[in-house]
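Taking the form predicted on its own, here's one chain by itself in structure tokens.
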């Protein structure tokens, strides 16, 4: 189901864009130092309504305490920056993954990696899509029985 969003600036309804991220490697686990390759595409939107597109490879924490986030790779494209001329078309990316921090599924905290695509629209709204992956193979933590 697609969401229609009214664009007050131009007095018409817009569809919310469909954003897709596909990683070349079908397995979810990637190793430190490995090349992460994939592609992204934005569909169901008028290309003239896209102000900018950002692609990030990042990690974030979830759980108890403060949540952290760090960006390992970032690229931003606008229609005027000499980057990809048609922001909605299929674009490829590749990133060498770092040695750390590794993905972690702990009892109190989880560390997750993802590829994040953020699309900025002329109406002032932004749309985010994410593709999770696992960096390294740290065993799952189990609660200690007392």
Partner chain sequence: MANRWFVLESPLLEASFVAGRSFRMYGKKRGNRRTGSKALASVGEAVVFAFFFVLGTGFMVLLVRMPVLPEWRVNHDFVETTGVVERVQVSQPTDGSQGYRAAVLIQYNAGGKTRRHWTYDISFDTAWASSSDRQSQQALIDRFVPGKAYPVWYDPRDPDTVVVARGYSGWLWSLLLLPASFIVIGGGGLIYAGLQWGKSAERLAAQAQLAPRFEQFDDSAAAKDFPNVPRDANLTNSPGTRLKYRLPIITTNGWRLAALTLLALVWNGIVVALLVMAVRRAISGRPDVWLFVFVVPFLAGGLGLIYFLVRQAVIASGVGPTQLEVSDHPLFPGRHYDLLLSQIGRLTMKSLAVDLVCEEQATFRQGTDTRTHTCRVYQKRIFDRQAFDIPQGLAFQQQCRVEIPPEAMHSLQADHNLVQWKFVVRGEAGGWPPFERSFPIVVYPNPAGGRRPEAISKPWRQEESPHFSHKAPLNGDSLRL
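Keep in mind it's a predicted model, so treat the numbers as computed, not measured. Residue numbers count along the first chain shown, from 1.
In what follows, reference is made to the form predicted in complex with its partner chain, a form of this protein that is not presented.
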(request) Answer with yes or no whether residue 63 is in contact with its partner chain in the predicted complex, where contact means some heavy atom within 4.5 Å. (result) yes
(message) Against its partner chain in the predicted complex, would residue 67 count as a contact residue? Criterion: heavy atoms within 4.5 Å.
(response) yes
(request) Look up in the predicted complex whether residue 93 has a non-hydrogen atom within 4.5 angstroms of its partner chain, and give yes or no. (result) no
(request) Check whether residue 108 has any heavy atom within 4.5 Å of a heavy atom of its partner chain in the predicted complex, and answer yes or no. (result) yes
